[in-house]
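Starting off, we have a lone chain in the form predicted alone, written out as structure tokens.
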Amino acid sequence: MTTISIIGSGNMATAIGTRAIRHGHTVEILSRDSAKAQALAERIGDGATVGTYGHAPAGDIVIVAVPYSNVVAAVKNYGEPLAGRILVDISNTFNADASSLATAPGSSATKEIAAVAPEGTQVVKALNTIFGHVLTRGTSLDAFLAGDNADAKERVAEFLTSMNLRPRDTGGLRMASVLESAGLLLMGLAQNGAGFDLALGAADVL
């Protein structure tokens, strides 16, 4: 398998890291708070390591698992060590009560990240339509993704497939805003009777 780097130490970092380890990947945790990074690596278990925040990530795929309020600053501050990597943006941009999106119409967190990422970095949207606790269970789920670079999307799709997820390519980076709206839809469903033990999917109809 391969090494995946994760910037962040919260719930989604835990969920993605745990699932990746179960499927044979090595996971590197990167966080400004080294104690939190170490605690998360120990929680995830064998195959998880702690990298030095601000240094070049060990993985070619770097998952940015921080809240939308911090995600652009995190990528901008990390800077040149991310050059040449594939950045996977998993953030959702809805406001505090999940009643609307915080981004301007037609924009997205992913576009904002791409604007500040170093040259040669490819940004892909993925995994924002699956709750962390659902992802951890290991069931097969649809994982929607979007991005402008076909090779980067293929690498991310291979990673998703390796974790028993079904990658669903939605198109170019412009579709990231649609996926963020889909994240808002997921929250609306969860809060209005469907509950939080669900994920969005695309059915193949014969």
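Since we're looking at a predicted model, the values are computed, not measured. All residue numbers are counted from 1 along the displayed sequence.
One more form of this protein should be noted, the form predicted together with a small molecule, which is absent from this view; the next part is about it.
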property: Exercise: Ala20 in contact with the small molecule in the predicted bound form, heavy atom 4.5 Å; result: no
property: Leu127: touches the small molecule in the predicted bound form, heavy atom cutoff 4.5 angstroms; result: yes
property: In the predicted bound form, Ile90 touching the small molecule (heavy atom, 4.5 Å); result: yes
property: Any non-hydrogen atom of Ala146 within 4.5 angstroms of the small molecule in the predicted bound form; result: no
property: Contacting member of Lys36, Arg155, Arg174, Arg43, with respect to the small molecule in the predicted bound form [4.5 Å, heavy atom]; result: Lys36
property: In the predicted bound form, the one of Ile61, Val66, Val50, Leu160 near the small molecule [non-hydrogen atom within 4.5 angstroms]; result: Val66
property: Per-stretch contact check against the small molecule in the predicted bound form, the hit in 67-75, 80-88, 100-108, 114-122 (non-hydrogen atom, 4.5 angstroms); result: 67-75
